[in-house]
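Only one chain comes next, encoded as structure tokens, the form predicted alone.
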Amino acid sequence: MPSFLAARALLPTGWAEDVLVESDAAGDIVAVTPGTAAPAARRLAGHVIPGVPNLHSHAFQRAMAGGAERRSPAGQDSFWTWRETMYRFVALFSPEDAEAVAAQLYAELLEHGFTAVAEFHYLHHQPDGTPYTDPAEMAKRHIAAARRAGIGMTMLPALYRHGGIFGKPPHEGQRRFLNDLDGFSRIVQGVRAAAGEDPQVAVGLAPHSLRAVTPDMLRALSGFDGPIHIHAAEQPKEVAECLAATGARPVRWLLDHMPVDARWVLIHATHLDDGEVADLARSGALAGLCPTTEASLGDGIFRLPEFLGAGGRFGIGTDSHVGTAPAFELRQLETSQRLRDHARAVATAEQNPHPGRTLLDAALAGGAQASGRRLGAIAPGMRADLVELDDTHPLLLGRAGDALLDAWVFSGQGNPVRSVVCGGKAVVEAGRHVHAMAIRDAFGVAMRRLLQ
């Protein structure tokens, strides 16, 4: 039975010392005992926090990161011009490429402290749009990559049918994404079979956006008993198109026409009016925030103080993977608020003056909700996902407890993650993924082919 002895660990009751964490063969925590000695347990000498769930990933875009920055000839670059670049790039991927790129991404996420990923997967078909012999081929490649890296996964097959609200013809570059409900159902069935009884894999659904599915399609998926993720209100143009087509803003339309509740995750939700802020918070749904991608694409800044003030919940993701670290996502989230509001320590409250801890607590709870898995806390019944922060690292030296979390989030560019345990298994040792070289070699083969 794997067991770990943390010199200091963040428990639901707060920080504790000499914490023995015992897990079973399936990777679930069975006991947590502070203030004990356990010579036979694996020693984690730093500060140990729960593994952080990543609630939004398009893994194939890891291969684009840093490669879609060049100014276009016409200038006036935006999310919409970036999307054209993405369409050209996505046409190049083989199943082998997708698996290699995903494995590299997942290893990097683990090295920075993400221990679970919600893969919002819409790269379904062959380049001409023809389904593979196995319609779930590409989704299964991502599950295989997650197993190779050792990260937990919530696979979210995405339903994508149209190119605009509601029912506009799709763009040629979207042909690899497109399904009707029957074709989508076959993919979901294949994903369920691939997940099986694996406690490291869960299954949800992802109607891509109001631009990509019809109201009838949304209604057909809305009874799903599990996570439902959807892009919403990422860009002002999207809001304007929805207003013109329906008379309502995207989030307002969803709140008024769908059974939005704690199963739902509205990815980005950047452009909300006052009523949407209050009602989204009241619904129990999550705002799925991807701060480094939202900054990279010029999306805008989420209304965090108002949303938190209304009781709203959020989690964080890395989306296009221009960033792959939870600390950097949390930093970008907080500092973007500071820039807009000319204030500091925005994501804090009187009961906890440390923004690092406040943001981490929210990301753990929200990420667990979005994943549909037992995550986000070092407690019996939860997955044994542990991240050891090296408190002798220059970024953290001399800090402890919540002050150490502030330093982790807001200090420097280094990575003080020393070791990571996921599902009771060590996947990062001395800051490096245990299969880093083999995964990187396969990634190199894929990237050379994609960029030739």
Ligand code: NGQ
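Everything numeric here is computed off the predicted structure, so don't read it as measured data. Numbers for residues come from their place in the sequence shown, where the first is 1.
What comes next is about the form predicted in complex with N-carbamimidoyl-L-glutamic acid (NGQ), which does not appear here.
With respect to N-carbamimidoyl-L-glutamic acid (NGQ) in the predicted bound form, the three residues His58, Tyr160 and His231 uniformly fall within 4.5 angstroms at the level of their nearest heavy atom. Residue heavy atoms within 4.5 Å of N-carbamimidoyl-L-glutamic acid (NGQ) in the predicted bound form occur in exactly one stretch of 218-226, 303-311, 142-150, 203-211, and that stretch is 203-211. Using a 4.5 angstroms limit between non-hydrogen atoms, Glu119 is distant from N-carbamimidoyl-L-glutamic acid (NGQ) in the predicted bound form. Contact annotation: Trp82 falls within 4.5 Å of N-carbamimidoyl-L-glutamic acid (NGQ) in the predicted bound form, judged by heavy atom distances. In the predicted bound form, at least one heavy atom of Asp319 sits within 4.5 Å of N-carbamimidoyl-L-glutamic acid (NGQ). The shortest heavy atom separation between Val277 and N-carbamimidoyl-L-glutamic acid (NGQ) in the predicted bound form exceeds 4.5 Å. Though N-carbamimidoyl-L-glutamic acid (NGQ) is absent from this view, in the predicted bound form it lies within 4.5 Å of a heavy atom of just one residue from Ile165, Val188, Leu123, Leu297, which is Leu297. Just one of Leu181, Met86, Leu92, Ala245 comes within 4.5 Å of N-carbamimidoyl-L-glutamic acid (NGQ) in the predicted bound form, counting any heavy atom, and that one is Met86. Contacts of stretch 266-283 with N-carbamimidoyl-L-glutamic acid (NGQ) in the predicted bound form, defined by any heavy atom lying within 4.5 Å, are made by His268 alone.
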